[in-house]
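This document opens with one chain alone, in C-alpha cells, the form predicted alone.
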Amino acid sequence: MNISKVCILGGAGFVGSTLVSKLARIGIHTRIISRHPERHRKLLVLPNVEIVEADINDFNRLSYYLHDVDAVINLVGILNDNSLDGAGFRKAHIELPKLLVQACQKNKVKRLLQMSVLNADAGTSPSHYLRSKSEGENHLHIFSDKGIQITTFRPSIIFGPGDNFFNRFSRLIKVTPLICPVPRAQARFAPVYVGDVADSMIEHLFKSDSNGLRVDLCGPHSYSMMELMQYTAALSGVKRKFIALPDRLSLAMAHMSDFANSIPIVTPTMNWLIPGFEEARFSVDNFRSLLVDSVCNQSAPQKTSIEDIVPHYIQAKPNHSRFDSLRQTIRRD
C-alpha cells in the first residue's frame, strides 16, 4: 500500500511520540493535531513532522487536516472520566471515532488505524471504559467493507520510558506509608512494550491484508497487580508491605475516591498537602475494569519483557529528581 503522509490523533502522547519517531525514520510525513502545539515542540526536531492546532472534536477542522493524507491513526483515549455516567468515555472513544470515519469518507482517506484495548466487549464488559472502547472499535469495523481499510489494535498495559503505569506506581509507592493497600491485587496483565506496539502498527499500516483485523498485543509474560507493585517497589529502592484488599473494601475505597473527586476543592487541596494524592485516585470504573484480566488468549506475544526495559527508567533516584518532575509539570524545561 502506497502511504507517504499520515495524520495522527494523539500523536504527542506516550505511544504517539514513539510511533511518530519510528515513522520519521522511514521517511513518512506525519501531521499531529493538537490543541496545544507549543507543548510538544520537542517532536519538531524530527524530520517530516508538523504539528497543527485544532480541536479534534470539531468536524470541520478535523476534516480540513485530512484533505491531503493517505492514512489516519487514532490513538486518543482516556483512563478516567469525571462524569460518573461515562459521558467522557463515550465522547473520546465512541463519538470521536464516528467523526473521524466521516472525515475519512469526505476526504477519501482509505486507511485508518485505531487504538482500542485488550478484551473490551460492548456486551459484557463491566466498565464504561471497556464498553466505550469496544463500541468505538465495532463502529469503525462496519466501514472495513465500505471502502476504508480498518485495523484496530488491542494492547494490554503499555510500558516504556514516560509511561503512566510503572512511573505512576513508583511515585505513588514513594509517598505512601509503610503499608500499601492493593485493590484487585489478583488482576492480571501482560504488559507490552511501547516500541513493540509502534512496530506492529507500522507493519500493519502498509499491509493491505490487514483490513478488518483486530490485533491483540501482549508482552511475553503475565503478572498480577500485586506482583507488579512489588516489582516496582524493588526497582524504586523502597520497602513497603503490600496488603491485598478484599473486593468490597476496594469498591468502597473507589466510591470514596469518586465522591472526593466530585468536590472541586478537594483534589487540588489534598494534592498540595500530600504530593501524589491525585495519582492515587482509584475510581469505581477503574475497579470494574480490573474485573477483566488484561491478558491475551491466542495471539503470539510481543518479544520485549518488562525486565528488559523497566529497570532502565524506574530506579532509586536522588531527591533532586522531585524538582525535575516539578519543572516538567509547570513546563519551564
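The first residue of the shown sequence is 1; numbering continues from there. Since the model is a prediction, treat every value here as computed from it, not as a measurement.
Just so you know, the form predicted in complex with a small molecule exists too; it's not on screen, but the next bit is about it.
**Q** Which of 245-253, 221-229, 102-110, 154-162 has heavy atoms within 4.5 Å of the small molecule in the predicted bound form?
**A** It is 154-162 that comes within 4.5 Å of the partner.
**Q** V238, I78, V175, A260: which sits within 4.5 Å of the small molecule in the predicted bound form by any heavy atom?
**A** Only one option qualifies, and that one is I78.
**Q** In the predicted bound form, which of the listed residues (M115, A120, A190, I150) lies with a heavy atom within 4.5 Å of the small molecule?
**A** None of the other options qualify; the answer is M115.
**Q** Against the small molecule in the predicted bound form, would A24 count as a contact residue? Criterion: heavy atoms within 4.5 Å.
**A** A24: no, not in contact with the small molecule in the predicted bound form.
**Q** Even though the small molecule is not shown here, does F166 get within 4.5 Å of it in the predicted bound form, heavy atoms only?
**A** F166: no contact with the small molecule in the predicted bound form.
**Q** Is I56 a contact residue for the small molecule in the predicted bound form, using a 4.5 Å heavy atom cut-off?
**A** I56 belongs to the contact set for the small molecule.
**Q** Should K42 be classed as touching the small molecule in the predicted bound form when contacts are defined as heavy atoms within 4.5 Å?
**A** Because no heavy atom of K42 falls inside 4.5 Å of the small molecule in the predicted bound form, the answer is no.
**Q** What I'd like checked is whether H29, P47 and A71 together line the small molecule in the predicted bound form, meaning each has a non-hydrogen atom within 4.5 Å of it.
**A** No residue of the spot touches the small molecule in the predicted bound form.
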